[in-house]
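Given as structure tokens, the chain that follows is alone and in the form predicted on its own.
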């Protein structure tokens, strides 16, 4: 009883500090999300899917302070031809953004879209998030759906000539940002989304993605820079027949980051790849929680996560593949690995398979270890300094995750950022 009362009290205290947007077609979804949030309550450390990560600083009413970080290099993706859309502490900044027009796609702000009488996102906002609450509750996602005041509605009807780049700027040490994006990819359409930046002192972001038959979506994210930031992000995706969704996330800083992904393959011959690479130093806690549901025939899923940790950093991976009855010829692959550069860091993993079909090929594995001493000796014996040799082996360890990025220019930019981060911390 005491635990339940504490959970309710903490949830109500968090809600009290927020204002529920009113009006428009999002109101029904917001009220539903608020009711679900109150019913489940914000997470406690005793919850099964939070036992490796302390949720208190994400759920407390007061925003933890996060010092602003002066970048030592140019912004990632800045050399690419892209449509740039900037949010400062969770608020759209028109002055720093490009015009929201691009062939093959329409882009609107959440606040503007929600007041229209008829809108394509009406049947999606909050819908995929609600589906993602079963069988695992995701209270922070419900909080987001209820209280998000900004975000984008992205409707892809063709093949835009350049990627859409969302840039999240952190400008206040006590900012508490909640963003909600909805992306719909029509049949045969294809788009690349880029995301980067620390966003806020505390950041809660939700992205609902619907990829129709034959559609393709590539998502590349970079989380980093401001080390004291805290973030919880959610991806909810639904894939149609012969559709493709590939997501990669790079994380190089942050005292606490929790990235959740819930993907449903509902059409035959669909493909989803969810990958991530992180490098953490010191007071760093990084949690990837992934749930992929196969509910169609001949679908493929890949989960590839690599974490490099040192000086007491902590990495967490919780990944599940669920194959429903009738989802024959499923090909599910999951790998989570950590490279521990000292004896103080730790990697906590919980890989899962749940299969109700008999014609499937599913595998999962998780390993944790130190630098290969023989490989290190080989490089040292050929004149490579110890620090540079360690960096080379670290990059080689991360390569399998980075290889999930199809665009070679984007992959090269990611590798360049990793090289710079490692070199600065030798």
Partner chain sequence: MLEIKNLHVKLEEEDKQILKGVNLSVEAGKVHAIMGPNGSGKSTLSYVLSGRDGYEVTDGSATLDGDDLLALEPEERAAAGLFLAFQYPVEIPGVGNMTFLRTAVNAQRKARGEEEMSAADFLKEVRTRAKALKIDAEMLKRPVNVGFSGGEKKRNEILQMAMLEPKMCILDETDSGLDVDAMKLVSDGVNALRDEGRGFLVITHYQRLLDHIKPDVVHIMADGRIIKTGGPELALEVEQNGYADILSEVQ
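Residue numbers count along the first chain shown, from 1. Keep in mind that what you see is a predicted model, and the values were worked out from it rather than measured.
What follows is about the form predicted in complex with the partner chain, which we do not show.
Check: So in the predicted bound form, does residue 38 come within 4.5 Å of the partner chain, heavy atom to heavy atom?
Finding: Output for residue 38 is no: heavy atoms all beyond 4.5 Å of the partner chain.
Notebook entry, point to check: With a 4.5 Å heavy atom cut-off, would you call residue 28 a contact of the partner chain in the predicted bound form?
Noted result: Result no; residue 28 lies far from the partner chain in the predicted bound form.
Next item on the list: Give a yes/no on whether residue 393 approaches the partner chain to within 4.5 Å in the predicted bound form, heavy atoms considered.
Entry: Close contact exists here: in the predicted bound form, residue 393 approaches the partner chain to within 4.5 Å, heavy atoms only.
Notebook entry, point to check: Would residue 374 count as a contact of the partner chain in the predicted bound form, using a 4.5 angstroms cut-off between non-hydrogen atoms?
Noted result: Close contact exists here: in the predicted bound form, residue 374 approaches the partner chain to within 4.5 Å, heavy atoms only.
Item checked: Interface stretch in the predicted bound form with the partner chain - options 45-53, 381-389, 61-69, 353-361, non-hydrogen atom within 4.5 Å -> Result of the contact check: 381-389.
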